[in-house]
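Just the one chain here, the form predicted alone, laid out as structure tokens.
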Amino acid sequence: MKDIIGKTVNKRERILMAAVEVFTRRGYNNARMEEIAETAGIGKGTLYEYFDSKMQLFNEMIIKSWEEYSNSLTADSIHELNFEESIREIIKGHFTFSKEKKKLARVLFWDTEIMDEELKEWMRRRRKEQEKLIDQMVSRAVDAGEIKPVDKMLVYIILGGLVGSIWAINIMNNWEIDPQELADQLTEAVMDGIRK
């Protein structure tokens, strides 16, 4: 099996890629380990050599997907950009990921109610990290005079609400919009409310 860019992947990666396919097509409750193994091109016994249970496989798939998503948003240069440029890059990164990797995005942002408690806690920690990043960005922007003083949590909620609501339209309705164009429009709307 090869990944999106045609690189050959190991069995563990093949299983995780197959898990995304099956979980997005069937949902967690209806997905079967046999189908995941078949999709990965391996035997069911081999699948269990890597993952003890469907929940363990689902959890690892979510963690790997989240890491891939986070890497698409947090380029090292984002800390060197001004606030408006940072917001634009975060929004663009989110929608580029959602457009190019719809199945991963759907798993990350749609099926979260079936996560076990350990994974839910892991996701809460990742969201806290995002919240901290926005907090730092807002503080720097206020200190630099780029934006007026605003409630940092409110900015986090606004950004989360924007990408969350539009994400659903994009994934569920196959909305075709250029991520850069969308990022420009949404950034301008946010900045109109907080620009100094």
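Start at 1 and count along the sequence shown; that's the residue number. The model shown is predicted, which means the values in this text are computed figures rather than measured ones.
What comes next is about the form predicted together with the DNA, which is not displayed.
Proximity to the DNA in the predicted complex, defined as a heavy atom within 4.5 Å, singles out one entry of R26, R140, K44, K132, which is K44. In plain terms, the part of the chain that comes close to the DNA in the predicted complex, with a heavy atom within 4.5 Å, is 46 to 54 out of 46 to 54, 60 to 68, 142 to 150, 123 to 131.
Using a 4.5 Å cutoff between non-hydrogen atoms, M33 counts as a contact of the DNA in the predicted complex.
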